[in-house]
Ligand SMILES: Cc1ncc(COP(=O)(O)O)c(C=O)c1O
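For reference, the chain that follows is the form predicted alone, supplied as structure tokens.
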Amino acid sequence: MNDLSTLAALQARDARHHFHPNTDMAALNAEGTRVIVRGEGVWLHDAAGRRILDGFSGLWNVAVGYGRREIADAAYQQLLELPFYNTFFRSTTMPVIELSEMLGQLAPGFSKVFFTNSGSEGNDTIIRMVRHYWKLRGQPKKSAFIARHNAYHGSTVGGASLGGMDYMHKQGDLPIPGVVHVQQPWWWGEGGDMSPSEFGLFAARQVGVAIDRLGAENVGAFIGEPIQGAGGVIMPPDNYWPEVERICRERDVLIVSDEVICGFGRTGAWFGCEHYGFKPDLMTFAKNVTSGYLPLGGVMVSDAIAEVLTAGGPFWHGFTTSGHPVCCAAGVANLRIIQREGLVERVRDDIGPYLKARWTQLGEHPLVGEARMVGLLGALELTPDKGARAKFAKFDEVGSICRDFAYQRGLILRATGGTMLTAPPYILSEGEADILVNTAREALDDTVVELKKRGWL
């Protein structure tokens, strides 16, 4: 597969027929797409013959690494036994029962799960579920949602509305009515002269300001990622989430933890809300529940919410493949691996601290304003002026330059504007962590040279 004429042919076929997500298609087709052909452990191989360390776990989600036969075998066996049946019409399947039970055991106080196919669908479900819940409680006016600027909650109409990505809103006449966005807790980029602690309280209290402006009788829920992922791995100051929780509880507003990225061990706890010490009413999940081997998502429903919904008659919502038996079988096999190999504890106590110690050393690089990491979620802020926490004038281009240099050197990082992101698989070894950090440093050096050529430094 390393013959370039074969690669060119594959790229041409892809360009003719495939419309990529989140992509400038004209630019991609001019350059040629990367064709990934094989994965093993934390390594990928592309059609050009490159071996690449996947420092981003696919799309945050290949927690147990590539090539896990146990997950493939579980899916194959389920395909032979029962490839599909729905969960409508008072029916269920064995994998749905088993996975639901496992999820309830992993998340104390959340005994019910509603299955979807993705995190986007999970957050759309949240909108309907929260509004239905408050109607059952006799408070139908409590329908508004508070979310955050620069948050990501999916690409569907509802999910993108809850998210705070302006460029998505402009393309879809979004957000839908009833969604209000407030300050994100990004101290490095928006904290100004405040200390992280001061800024944490300031950002959290903007939630209260928004609720009070709308009237608590009109607000159903606040939704947030424990750590904002696609927005730039934004880690809130430690006092942020406790203050948000206090504000919402005082005003009888539900808390939704979007665990699509943080869930199932990414932060070194099973769920990100556990890492930050707050108790949500609802949690959305996807990604690492199957390590990306098959699509699956859902909503974890707290016991108190479930009691009201259960007593309220039918919840007229669902998808043909809600609780798809093959996807759920893959989820069971994946979670068994995570439990058996102690991967959550490994992220917390072993490879997470090791990579953090190496990653944060990149903060000494002249191009890096801040290097941060929680569990196996890390970010580097690229800056022309460390002391001023300044952003490049062409913020969106700088990260892409660094990302492409990293790929050329055999490492996948993600760029969000001028922020470089990493989220490697939980099975990353110390030696592979060294390769990740050393290659990232080389890509930073390459970027400095390029920026100087362009006159940006």
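The structure displayed is predicted, hence computed values, not measured ones. When you see a residue number, it is the position in the sequence shown, counting from 1.
There is another form of the same protein, the form predicted in complex with this ligand; it is not shown, and what comes next is about it.
- With this ligand left out here, work out from 233-241, 312-320, 145-153, 126-134 which stretch has heavy atoms within 4.5 Å of it in the predicted bound form. The contacting stretch here is 145-153.
- With the partner left out of view, is residue 261 within 4.5 angstroms of this ligand in the predicted bound form by any non-hydrogen atom? Judged by the heavy-atom cut-off of 4.5 Å, residue 261 is in contact with this ligand in the predicted bound form.
- Is residue 118 a contact residue for this ligand in the predicted bound form, using a 4.5 Å heavy atom cut-off? The answer is yes: residue 118 has a heavy atom within 4.5 Å of this ligand.
- Query: Hey, in the predicted bound form, does residue 287 get a heavy atom within 4.5 angstroms of this ligand?
  - Reply: Answer yes; at least one heavy atom of residue 287 falls within 4.5 Å of this ligand in the predicted bound form.
- Message: So, residue 60 and this ligand: in the predicted bound form, are they within 4.5 Å at any heavy atom pair?
- Response: Close contact exists here: in the predicted bound form, residue 60 approaches this ligand to within 4.5 Å, heavy atoms only.
- Considering only 220-246, what residues come within 4.5 Å of this ligand in the predicted bound form, judged by heavy atoms? Sequence-ordered list has one entry, 225.
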